[in-house]
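Just one chain follows, in the form predicted on its own, and it is written as structure tokens.
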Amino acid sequence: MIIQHKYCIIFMCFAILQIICAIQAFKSEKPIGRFTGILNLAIMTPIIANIVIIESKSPVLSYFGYYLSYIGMTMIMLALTFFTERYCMGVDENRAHTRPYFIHVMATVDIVQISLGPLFNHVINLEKTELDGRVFYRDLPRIGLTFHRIVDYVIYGAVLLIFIISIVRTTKLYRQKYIIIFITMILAGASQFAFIRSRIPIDRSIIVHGLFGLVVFYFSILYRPLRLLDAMLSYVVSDMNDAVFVFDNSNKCVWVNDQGYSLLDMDEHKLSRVTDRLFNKFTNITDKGEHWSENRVVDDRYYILEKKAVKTDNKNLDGTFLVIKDDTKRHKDIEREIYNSTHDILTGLYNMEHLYANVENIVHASDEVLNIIFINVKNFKLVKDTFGKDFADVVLIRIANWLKANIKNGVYGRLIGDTFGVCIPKKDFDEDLFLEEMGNFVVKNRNIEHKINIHIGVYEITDTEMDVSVMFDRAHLAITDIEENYKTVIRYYNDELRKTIMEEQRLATDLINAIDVDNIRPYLQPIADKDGKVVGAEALARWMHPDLGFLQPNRFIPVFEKNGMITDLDRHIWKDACRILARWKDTNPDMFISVNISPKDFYFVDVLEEITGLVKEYDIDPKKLRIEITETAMMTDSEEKMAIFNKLRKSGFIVEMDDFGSGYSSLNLLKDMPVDVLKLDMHFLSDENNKRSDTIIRNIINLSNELNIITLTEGVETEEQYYLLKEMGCSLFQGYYFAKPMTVEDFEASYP
């Protein structure tokens, strides 16, 4: 076979390959596909032109082949320009490049002047020669061909420059493809240049051009940077927080990241030992199928295992990979959140909501008789104020620890503040244990030691359908009547207590209406001077209840003291007293009325403003409305209350201290107390040792007189007591010896 036929076959093969590549490129969904297809078709043009040249036996056909080849080369340059503009676009992040219109103009001019070559004969001449025994027409360049080559190499140089910039700017992942296309382009240009210089009859550079077309097709349509992707994926997997194990199709571990070695506690990264260590730590991971995921707990740690298979296109198993995620922190966080939502942070006991839920479950599931226990730390606020928050917290923690140690068959928790709740079978409730140990509950913390007073209320569950909160309320109610008891006691809720509580609630409900309809009214108990003359009275509340009848103060005063409604009652009596005094300005202008102020009044109203406002409203002399305050009330928040009473005295009111001697006041305090009248408690005179009682009374009266404080003794019941107190120097007297409390009408009739 002669050499022309050999090259013709080679060129035809490359032409067919260019057509196939062009068809595939046009079918591709990639945006670059269309430009790649055009470039492959353009490369096919000079290949076909050279086949014509090789097989031509006439100068006319050779002329056609050479002109088609030159136009084809310019078309390659033009198509390469469009391809490069699109292919290298991603390198310019700002898309700031401009289209190379000058190249389009140059290529168009070149194609036109080449096409006009047969008319003006300015492109080439043909030279007849022999090649392998056959006639061959070789081109001789003229000015038009020189211009053509200059244009092509200018465009070629511009394209090379763009690829150089792309190689520099692109990422490592894509630099490889730019370099290979660039090298192939250099080889094509160099081979073309070598052909021009050598004047070899057959243009062998066409082979390089064909290879260039294949390279462009591969890297623009088929290429995936698998090697670099593998390297990057390996780097990503190695840097994951999860352990990754890769196995072949025989379950042999072929790769593992650092986290995998760490999971297996392998300091030495020996791949041969990984499989055994992994299968020992996580059993049953090979016979669960190709794709599975599950949670495991190993050595008190939580893991998520996920295994996946890798298969080729023919569905043969290539291998598997196992990802193990240590999920312990998330599980611990969830457990902590659940614990915090159900437990008291300070004591570690159940909080109130979770305790109630557990008690409800126990009540409905148990056949045993159950006790609800309410534990209250008495005067906890005082402990906290005295010893500080840290010590108060220690008190609560010690009580919680006691419950943990002693409640074996029940549930318990912290309710609110200083209260705790327990649900325990009645048969397991050891009352003696509670009394003995909580009755001597001493808390020591650093240099502080203090005995804690605890009250315990017990409710035996009789109605399992009752709301749990009501059960604890009933246990709490059992200790409401021992608020002032400073011993640890246990009290049981019963029907009598329930009856009392219901009556208290009824009285509280009826109070406002009783005030509005004047069912609660002041009774006046006379106060006499040394001569036995009534000079005033004390206003005492009495209630004519429409259903319960006449109520003594001990039936309702303690109730209102406890629930805070005493203020409404006191304000009503104050107002009635002012009305009476306003009426007495004409009938009993020298009479005064004493009214009581409860310690709780200071927390709910401005006592000074309220009292002075009433005096102004009814236009009465402040001296006629005397203010009584108990000794124990004076002792709490003493500075603030002394300031209030000083202001009252400056406003013209007379301040009396009631029940002096019944509390724990010191006689030394009399010099600082802003009082005008001292009311003595007659319990001194009821002592069997009358001599000692007389001595105490006499000295208090003498001391009061020395301090210009008037003494008033209440509870005087006999003539003997009256004369004895009179002889001691007492100024005013009140008691059954003179008169019992009476209605305002009876008082006015008796002392007109």
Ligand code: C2E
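One rule holds for the numbers: they count along the sequence shown, beginning at 1. Worth saying up front: this structure is predicted, and the values here are computed from it rather than measured.
Not on display, but discussed next: the form predicted together with the named molecule.
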| query | finding |
| --- | --- |
| Proximity of Lys585 to the named molecule in the predicted bound form, heavy atoms at 4.5 Å | no |
| is_contact(Arg542, the named molecule) in the predicted bound form, heavy atom dist at most 4.5 Å | yes |
| Residue contact check: Asp658 to the named molecule in the predicted bound form, 4.5 Å heavy atom | yes |
| is_contact(Glu55, the named molecule) in the predicted bound form, heavy atom dist at most 4.5 Å | no |
| Option from 362 to 370, 269 to 277, 547 to 555, 329 to 337 whose residues, in the predicted bound form, bring a heavy atom within 4.5 Å of the named molecule | 547 to 555 |
| Listed residue that, although the named molecule is not shown, lies within 4.5 Å of it in the predicted bound form (heavy atoms), from Thr347, Thr81, Gln525, Thr74 | Gln525 |
| Partner-contacting position among Ile515, Ile124, Ile573, Ile162 - heavy atom within 4.5 Å of the named molecule in the predicted bound form | Ile573 |
| Residues of 699 to 715 having any heavy atom within 4.5 Å of the named molecule in the predicted bound form, listed in sequence order | Glu714, Gly715 |
